[in-house]
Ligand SMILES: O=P(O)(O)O[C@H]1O[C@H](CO)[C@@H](O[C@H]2O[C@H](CO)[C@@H](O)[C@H](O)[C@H]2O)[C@H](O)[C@H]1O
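As a starting point, one isolated chain is supplied in structure tokens, in the form predicted on its own.
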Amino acid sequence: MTPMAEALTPSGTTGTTGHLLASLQPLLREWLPRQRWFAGKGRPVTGFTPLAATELLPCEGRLGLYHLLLRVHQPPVLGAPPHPGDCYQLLIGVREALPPRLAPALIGHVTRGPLAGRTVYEALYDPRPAEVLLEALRTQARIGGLRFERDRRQEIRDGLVARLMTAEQSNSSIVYGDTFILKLLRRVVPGVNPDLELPLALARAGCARVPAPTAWLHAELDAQSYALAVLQPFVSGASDGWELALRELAKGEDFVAEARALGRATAEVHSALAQALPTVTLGQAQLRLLVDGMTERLEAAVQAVPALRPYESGLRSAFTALAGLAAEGRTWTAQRIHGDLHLGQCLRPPSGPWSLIDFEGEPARPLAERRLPQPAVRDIAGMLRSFDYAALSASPPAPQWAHGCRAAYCSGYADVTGRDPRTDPVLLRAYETDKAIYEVVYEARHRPDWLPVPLSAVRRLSLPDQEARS
């Protein structure tokens, strides 16, 4: 591989980047909003500002490859403060014509500018550009503002065949053979990304529950660093926890042993993070801010989803109870956590222990917020809600299945830490309530057919009697 070490001058109107972007703009306006990972759906794209454009393969040959960091401009959300626009990472392939196998990757045919007469496409569908990325990581390339880094203690073999994983969420992933998986972050912000920071910290702490990063890509732009991609060992043949749980449900099998093992895995990760990174004590002032945030989210949710109104008072009591304990002088420890833990973030190989993946946190949250220490019970609440989702998505629904999994998961957590999360019911209820309220809003907006699942939890969590909630 001989990538051109050329960072095209960031300019929206002049220079090479300006001409390149002008030729791509009409196509990207149509293509971007159709992508699963594009966060600004429902609002038109009004323009782009390039942060960086880097030519990874020269376009003089049969195949060209551009790496772009583009700020995308859209009308503001009604009632929201002005926003400069989200920045997205794009890998644009260039060919004279696309072979049939790449038809799903088509972005469009360029009619003007330096790429006139060429076809541009989503390069990650194409093994050759994907191999360029792996080779750059292997050789620790420096290309323009792009910095390809690696852990030299881990070998990266060449010749690994690349394939794009099609079941994507907010990012994109490429698997190389059965050896590595490269996660490319799509919506990027400057700063330390926990999806790299936390696995590196866990690797240093010797925690084997999280695949240790092998290599990573970041960009240095205007004295700011953007995390762009992380390469980790691929857990071959693994099922994620959601798939595995649904299979067991379909067979009428319980999931208790797996749930307990998953509780132990979660506790091991939390313990390692608490040892590797600073912890803090949350007193009355910090808990007041936490409760205020939960209460504000409840109030906004009730306005957005009227089905919540009958339960508002009961749900609010979950937060006032927590505030009451804080006022009495109760404190809690906060630490770095996963931040978005659910069954789909856990991998179980055919033989071997559970692994936890995807430490990015909730992508919609500001990066600074995602990096704040938080009570570990927030992760636990997310997993408990995930058991409910699995059980209530089954046909017929199996609430007792979820009850057994929830109990086993908490018991497994206690096996490692000596602390059962159920012995702190007020904090656990507050976080599970906050999560269920978030789910109600999400489902009402995106998947109305799923709304009964979190509403079932809302009814349970709004009850004042702990036994009725368990």
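Remember, predicted model here, so these are calculated numbers, not experimental data. When you see a residue number, it is the position in the sequence shown, counting from 1.
Not on display, but discussed next: the form predicted in complex with the named molecule.
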The one option of N193, Q89, Q374, Q345 with any heavy atom within 4.5 Å of the named molecule in the predicted complex is Q345
In this chain shown alone, the residue from D340, E220, E197, E131 with a heavy atom within 4.5 Å of the named molecule in the predicted complex is D340
Just to confirm, R378 within 4.5 Å of the named molecule in the predicted complex by heavy atoms?
no
Against the named molecule in the predicted complex, would R429 count as a contact residue? Criterion: heavy atoms within 4.5 Å.
no
Does S386 reach the named molecule in the predicted complex, with heavy atoms at most 4.5 Å apart?
yes
Against the named molecule in the predicted complex, would E439 count as a contact residue? Criterion: heavy atoms within 4.5 Å.
yes
Among 53-61, 430-438, 405-413, 22-30, the region lying within 4.5 Å of the named molecule in the predicted complex by heavy atom distance
430-438
